[in-house]
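Coming up is one lone chain in structure tokens, specifically the form predicted on its own.
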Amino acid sequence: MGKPVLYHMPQSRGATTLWMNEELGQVCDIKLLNLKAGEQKQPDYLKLNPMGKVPALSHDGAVVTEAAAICAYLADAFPDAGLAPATTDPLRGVYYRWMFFAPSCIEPMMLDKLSKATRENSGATGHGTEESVLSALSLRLSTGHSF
């Protein structure tokens, strides 16, 4: 198995994947992209991620984009680190929920808050309301479970 290559740009969503790499003991080679110079729009990189975004991961023919997906992939690729329940463990569902809660609920809620967006029908959004997101987090954190 070859070493994963993590395409990264400091001060981006790639920071999460860089942290994951550190938790795994620096298993990835890091390739920094200079977004100001447009390196993410070069043909070679666009083959990995046609959206021209970072982060991206290349590993043994697999290409993974989106920070949460990269973290989940790396946890599975390096199971000895114990960062994810086994695929047969009932906790795997809870793990997936919280792995994807941040990008699908917390981030959109924060963007709404920062942009002062108002929603006529909060039920039509994937994340609901600020109150529902914070309530879900508070309830989970109060249980003391790791997943």
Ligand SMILES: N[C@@H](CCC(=O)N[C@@H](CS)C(=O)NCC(=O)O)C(=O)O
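This is a predicted model, so every value here is computed, not measured. Residue positions are given as counts along the sequence shown, with the first one as 1.
Keep in mind the form predicted in complex with the named molecule is missing from the figure; the text below concerns it.
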Note: the named molecule not shown here; in the predicted bound form, the stretch from 112 to 120, 80 to 88, 66 to 74, 23 to 31 having heavy atoms within 4.5 Å of it is 66 to 74
Heavy atom within 4.5 Å of the named molecule in the predicted bound form: which of Ile106, Leu48, Val94, Leu35?
Leu35
Might Thr129 be said to contact the named molecule in the predicted bound form, defining contact as any heavy atom within 4.5 Å?
no
Can Thr125 be called a contact residue for the named molecule in the predicted bound form at 4.5 Å between heavy atoms?
no
In the predicted bound form, does Lys53 have a heavy atom within 4.5 Å of the named molecule?
yes
Can you name the residues of 31 to 48 that have a non-hydrogen atom within 4.5 angstroms of the named molecule in the predicted bound form?
Leu35, Gln40, Lys41
